[in-house]
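To begin, one chain is listed below as structure tokens, in the form predicted on its own.
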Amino acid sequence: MKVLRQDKINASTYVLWLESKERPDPGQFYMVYPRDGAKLLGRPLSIFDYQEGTLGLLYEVRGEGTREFTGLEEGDEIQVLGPYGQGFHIKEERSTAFIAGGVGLAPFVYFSRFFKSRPKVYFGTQNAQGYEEYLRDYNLGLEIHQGGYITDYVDYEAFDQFYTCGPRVMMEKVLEDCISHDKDLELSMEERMGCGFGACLGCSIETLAGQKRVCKEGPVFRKEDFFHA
């Protein structure tokens, strides 16, 4: 894919904008490959936004592969495969809240476009710098908290449907809270991936139905995949 531009949200977080004619489903992801041949594995990046042939992927610099991405410039060509995975189920008639941690915010920006009314977004991050300004033109009911536990701020009684993405410990708490409040929940799981399309089994997780591949059967799972009602 051709690079259109890069936006820098803060010192460690970027949005890479690419030329893409295929409209993805909310909750899917792409595998982006470093141009350095020594780094063979792609990095799974969630869809931040898609508009009229322009695909945005949010990423955080965590190693040499993602650090290489920061040097991409307009006109560069990179290898991008996808979209992969099973996305979110849209339940527009329900009052909805998203619970995001860190770069787990990424899928909810695009997903919010599929709702007539503005969803609530609870967003917890260790580095909130730049996010509010960068997201000001998006129709998000954004509530940002830096540090601590974002789950401490969620009003579970105010909404019928929840979606979450972020660190595993955060999503485990969201799952526990949605079970105790009898709320519907979908979880977008974050795992290291080798291939992105189910061949290597490296991203498998345990569900009530046995081992499931996050890249193939996920990344979106339902509360019922982990909990017997």
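Keep in mind it's a predicted model, so treat the numbers as computed, not measured. Note that residue numbering follows the sequence shown and begins at 1.
Form predicted in complex with a small molecule: not shown, discussed below.
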Sole residue of Asp182, Asp160, Glu64, Asp36 within 4.5 Å of the small molecule in the predicted complex, by heavy atom: Glu64
Answer yes if any heavy atom of Tyr59 is within 4.5 Å of a heavy atom of the small molecule in the predicted complex; otherwise answer no. yes
May I ask you to check whether Arg168 falls inside a 4.5 Å heavy atom distance of the small molecule in the predicted complex? no
Glu186 versus the small molecule, in the predicted complex: is there a non-hydrogen atom within 4.5 Å? no
So in the predicted complex, does Glu191 come within 4.5 Å of the small molecule, heavy atom to heavy atom? yes
